[in-house]
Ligand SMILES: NC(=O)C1=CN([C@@H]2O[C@H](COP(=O)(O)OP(=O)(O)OC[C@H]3O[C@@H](n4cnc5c(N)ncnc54)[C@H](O)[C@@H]3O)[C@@H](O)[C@H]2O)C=CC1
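In the block that follows, a single chain appears as structure tokens, in the form predicted alone.
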């Protein structure tokens, strides 16, 4: 009976999350909520925070450990190792685990700025690596994640990675050279939308509505607009045109945005974010 139950899960491998922060938790939550993997097949490690591990074990029934002496065996017995620690801790961790790995173990990185080639250099071997860039909306299962694979990653391993991140939203598989651009669009993108929402709410409050009313109206407007694009399949420009009558109030608003070069400013913001992502990645790689 137990054997049949195990076969119902899409992922039957042992997965270790090295790092137990919010992104690791979001992925674990999605995997378990969608019954993609047995909780007992998930191990979560961190360096010292026992309380945090106890919370995760209680919430998701996963295995946890911060016992340094046990980590070697745990890592050696994991088909998939998800690196979810802070960037400053990544180099030491990669150097430490490199000698423990076999060539068929998959490394999945959610560490911003760290290239596949640098990770392989730190590991001391051409390990199969998936480099990913989720965003914060993954915490509620509505993330947008970019994924790049090293040449060593097999088709079966690619399937595991896509299943992992589909548990927290949508995925886009890209060449690694485009990861910084993706960061500028979806990685930091939620912040741009939040900023727009801040301004809409402020306009309503200044006009006399309550903050609560403005927040509800703005949130539903943004949610509805996103859903319209998603469900109709129409381009945002086409949907905008449908609600923008000549000489109407919406056209008047768009004209004000155009006077401020809104369209080009957003493009410039995405490009600057991408550029800064490259700068930060380069600085991180210089440090290690």
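Remember, predicted model here, so these are calculated numbers, not experimental data. Rigid core here is just the name for the largest C-alpha set that superposes within 1.5 Å across the two forms. Residue numbers count along the first chain shown, from 1.
There is another form of the same protein, the form predicted in complex with the ligand; it is not shown, and what comes next is about it.
- Checking 151-159, 118-126, 85-93, 205-213 against the ligand in the model of the complex, the stretch whose residues place heavy atoms within 4.5 Å of it is 85-93.
- Although the partner is absent here, residue 46 is a contact residue: one of its heavy atoms lies within 4.5 angstroms of the ligand in the model of the complex.
- Within 4.5 Å of some heavy atom of the ligand in the model of the complex lies at least one heavy atom of residue 111.
- Using a 4.5 angstroms limit between non-hydrogen atoms, residue 23 touches the ligand in the model of the complex.
- For the chain shown alone, residue 133 is a contact residue for the ligand in the model of the complex, at least one non-hydrogen atom being within 4.5 angstroms.
- Contact annotation for 167-201: a single residue, 187, has a non-hydrogen atom within 4.5 angstroms of the ligand in the model of the complex.
- Relative to the superposed core, residue 277 undergoes a C-alpha shift of no less than 2 Å between this form and the one not shown.
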